Ligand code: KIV
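Just the one chain here, laid out as C-alpha cells, in the form predicted alone.
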Amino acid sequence: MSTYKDVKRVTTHTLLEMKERGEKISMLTAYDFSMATIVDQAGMDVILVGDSASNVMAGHETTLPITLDQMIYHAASVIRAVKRSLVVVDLPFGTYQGDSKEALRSAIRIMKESEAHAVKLEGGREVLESVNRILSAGIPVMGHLGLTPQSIYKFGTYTVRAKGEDEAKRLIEDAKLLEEAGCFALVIEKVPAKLAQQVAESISIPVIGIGAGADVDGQVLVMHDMLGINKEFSPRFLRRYHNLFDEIKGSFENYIKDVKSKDFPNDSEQY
C-alpha cells in the first residue's frame, strides 16, 4: 500500500509533459512550514515562495522591501514541508536586475541555503543576461511577464498590461526569448486573455496565468487572497474559496469570551 511519503515529485519535466497532454497546472503561494504542508498534501503541482511575502507576511505596501535573506528563510521553511510539489522561489527586487553576476550569486544562495527547486524572476529582454547566467549554472528559471509587481513604480499602477499593440508584440517577443534562453515555464500576469492564449500557443513551455484568462497552461494565486485572509485585495481575477479572516477572527473572539467568563479551561481540560 502506497503512502504519502511514496508520492512522485513534480519536476520541471513533469510540467512540460502536462502542457503537451493538455493537463492544467495548479500553482499557489506558500511561505511557511505549516501551510506548505497542507498545500503539498492537497496535491498542488507548484508552490511559489513569492515575494508577495513582503505584502501578506510582512505588511509592506509593495514587494520591493523583502530581502534575499528573508526569501531564503521563507523558502527553507516551505521546503521542509514538501514531498510532492515543485518549489519555485522569487528572486527579490535588487538581486538580479542590471548585474548578471549578482543574479547568479543570488540564485545560488537560494538553491544552496533553502534547497529549493527553481527560481523565478520578472522581466524579458532587459534581464536576459541574468537569465542566461543563472541557467548556465544548471539552475531552472521560471520567467514572469505582463504586470511585474517589482516594477510598480515604473508602471505607476496595477492595471492590465499589454492592451496596446506595441506592448503586446513586445510581450510575445519576450516570451519567445525566455523560451529560447531555456526557461522551463513562464508566469503571465494581468494581461488580456486573448494575448495570454496567443503566448501559450506560440511557445512550447508552460504558461501559468494570474489574471490572464483560462486558455493558458495553468493558474497561480496568492494563498492569502484565495483563502480570504486578506480582505483588502479584490481584483476581478481573484476567486475567493474561503472567508478565513472572519472565521479565524470569530474563533479568537470565542476564545477571549471563554477565557474572560472562566469557561476555559473546564474540568476536562486540566490536570
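Note that residue numbering begins at 1 and tracks the sequence as displayed. Given the structure is predicted, the values throughout are model-derived calculations rather than measurements.
Form predicted together with the named molecule: not shown, discussed below.
This chain is displayed alone, yet in the model of the complex one of S52, N230, Q70, S26 has a heavy atom within 4.5 Å of the named molecule; that residue is S52.
For the candidate set R133, R84, H117, K120, a heavy atom within 4.5 Å of the named molecule in the model of the complex is found for exactly one residue, namely K120. In short, of 36-44, 216-224, 238-246, 198-206 it is 216-224 that has heavy atoms within 4.5 Å of the named molecule in the model of the complex. A residue is said to contact a partner when one of its heavy atoms sits within 4.5 Å of a partner heavy atom; A212 fails this definition for the named molecule in the model of the complex, lying far away.
Residue contact with the named molecule in the model of the complex: E179 places no heavy atom within 4.5 Å of it.
Contact check for D174: no non-hydrogen atom falls within 4.5 Å of the named molecule in the model of the complex.
The shortest heavy atom separation between H74 and the named molecule in the model of the complex exceeds 4.5 Å. Taking the named molecule as positioned in the model of the complex, the only residue of 74-91 that brings a heavy atom within 4.5 Å of it is D90.
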